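Next comes just one chain, in structure tokens: the form predicted alone.
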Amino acid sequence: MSDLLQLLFSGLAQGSIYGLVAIGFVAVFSVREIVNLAQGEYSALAGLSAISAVAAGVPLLLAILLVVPLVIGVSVIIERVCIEPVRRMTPLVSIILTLGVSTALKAAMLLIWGPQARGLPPFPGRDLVVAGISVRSQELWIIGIAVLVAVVVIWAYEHTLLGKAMRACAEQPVAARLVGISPRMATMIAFGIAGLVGAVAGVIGSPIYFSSWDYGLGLGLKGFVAATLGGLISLRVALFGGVVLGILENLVAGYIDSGYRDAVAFLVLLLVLLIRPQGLMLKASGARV
């Protein structure tokens, strides 16, 4: 029983990272139906940048506070340079464009930081043993920060005037323009949110899962799979999907074989596409994965 609880808790921490990345996918797709395959690279870039800042003598907290806005800026620049000039953007075109951006970011990170994986120092705290379960303080930080950021983003999207404007651009772009809401500005803000959640995922996960130039590839894939559970339009289901995926991976690794861990994401994606391509929503939507 203790082994099961241990796997569930570890999966919850890892799934929280996936959930944040999934929120980034949904934030962009729900506004302009853009599949941003560079989402995972934001996490790798944030982790590696923070590691360099700490190595240069910058305190950990200050390094994080500097790196997160940096990655948000990179995400917004990508939108301005690569996405905004394209007049007829389709999901397929967005996949091609952002795949190129992702490749360029990975190449740049490889040149700057090299192939070696590294991690940030653990956040302050003591590891605990509760009912036979080893609880690492960093996992508590991951779960707490991920939940806090996710709740703030979801609340802002659902209850603030800016969030309602972004939803209007997604649901009725013509009507949004008529009342003075700019779809271009909404897209830029969505990319900013994607950069925020990606950067947070990268820095809080780095002490345990490490950061490397190719870290974003697998993380982006699993975040995308989690996002498809909500049809790429539900922030809440995307977060839930990330947690479920993280738990499933740990259960498979613990009870079957660790070599099958990464296959879980592909299996989940296949099942979603075959059984319910609109995602786990109560009602089918016009969006399709």
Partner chain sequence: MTGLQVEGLTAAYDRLQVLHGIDLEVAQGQIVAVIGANGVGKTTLLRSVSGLLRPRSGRVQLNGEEISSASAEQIARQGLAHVPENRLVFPSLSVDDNLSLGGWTTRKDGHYEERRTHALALFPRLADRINLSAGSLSGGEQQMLAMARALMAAPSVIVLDEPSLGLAPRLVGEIVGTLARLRDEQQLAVLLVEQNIRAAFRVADYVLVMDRGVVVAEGSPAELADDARVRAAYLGGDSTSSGSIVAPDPSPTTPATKNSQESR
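Predicted model only: the values in this text are computed from it and were never measured. Numbering follows the first chain given and starts at 1.
FYI, the form predicted together with the partner chain isn't displayed, but the following is about it.
The partner chain in the predicted complex is approached by L178, whose closest heavy atom lies within 4.5 angstroms of it. When the partner chain is considered in the predicted complex, D127 lies well away from it, no heavy atom lying within 4.5 Å. The closest heavy atom approach of A168 to the partner chain in the predicted complex falls within 4.5 Å. When contacts are judged by a 4.5 Å heavy atom cut-off, P183 counts as touching the partner chain in the predicted complex. Annotated contact segment (heavy atom within 4.5 Å of the partner chain in the predicted complex): 160-168, selected among 160-168, 73-81, 147-155, 112-120.
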